[in-house]
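Only one chain is included here, represented as structure tokens and corresponding to the form predicted alone.
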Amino acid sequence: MITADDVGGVHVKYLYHCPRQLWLYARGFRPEHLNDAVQLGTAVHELSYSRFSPVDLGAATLDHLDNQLWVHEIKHSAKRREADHAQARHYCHQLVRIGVDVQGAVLHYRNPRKTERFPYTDDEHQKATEDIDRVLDIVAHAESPPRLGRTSCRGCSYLDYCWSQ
């Protein structure tokens, strides 16, 4: 089972997407490499933001940390989601935990080329801590959480697992 130190950005992102997806991911079920949206996101990152250098934090890898200590995350979707913000907040939390005085996060939405900046505040730190606790709580359950409604699962890598008979 995972510990608080093992919780990565994907765990937090899936916490906001779908608890069932998080539960499956934590158990090693990872069909993302077969998903077109994931492959598109990887291609966008490689082609559009080649100046960014990923930072490996062990359980998490963020897209870029600039010299003013802002975390940068690239999103291929135009839709702004709480999961994106939570994932970036988690990266800030991880950096603060190891002694980096991070300023906050910048989300880059490729289409329509917009950015959103979130300072890392005490409130953000508290939310990040609560997210980790929620991840650990969901992962600790012996059975998977119920699936979401089918319309919420559109584009999900786990669609076939959850909805096949």
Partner chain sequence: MPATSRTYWLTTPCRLRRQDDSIRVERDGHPPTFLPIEDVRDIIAAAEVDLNTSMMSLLNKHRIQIHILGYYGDYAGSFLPAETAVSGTVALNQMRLASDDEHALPIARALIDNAAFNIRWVIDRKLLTRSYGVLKESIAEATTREQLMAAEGNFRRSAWEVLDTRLPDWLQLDGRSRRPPRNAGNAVISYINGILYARILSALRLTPLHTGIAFLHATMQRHRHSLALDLAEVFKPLFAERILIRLANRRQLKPQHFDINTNQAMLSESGRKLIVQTVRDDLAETVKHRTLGRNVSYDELIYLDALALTRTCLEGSTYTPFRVWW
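Residue numbers count along the first chain shown, from 1. A quick note: this is a predicted structure, and the numbers were derived from the prediction, not measured.
Here the subject shifts to the form predicted together with the partner chain, a form of this protein not shown in this document.
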Please state whether all three residues Lys13, Ile132 and Val135 have a non-hydrogen atom within 4.5 angstroms of the partner chain in the predicted bound form. no
Just to confirm, Cys162 within 4.5 Å of the partner chain in the predicted bound form by heavy atoms? yes
Residue-level contact is defined here as any heavy atom of the residue lying within 4.5 Å of the partner chain in the predicted bound form; does Arg20 satisfy this criterion? yes
Can you work out whether Ala140 and the partner chain are in contact in the predicted bound form, taking contact to mean some heavy atom pair no more than 4.5 Å apart? no
According to a 4.5 angstroms non-hydrogen atom cut-off, is Asp36 in contact with the partner chain in the predicted bound form? yes
From Phe118, Tyr109, Phe29, Phe52: within 4.5 Å of the partner chain in the predicted bound form by heavy atoms is Phe29
For a quick check, can you give me the residues of 135-151 that have a heavy atom within 4.5 Å of the partner chain in the predicted bound form? Ser144, Arg150
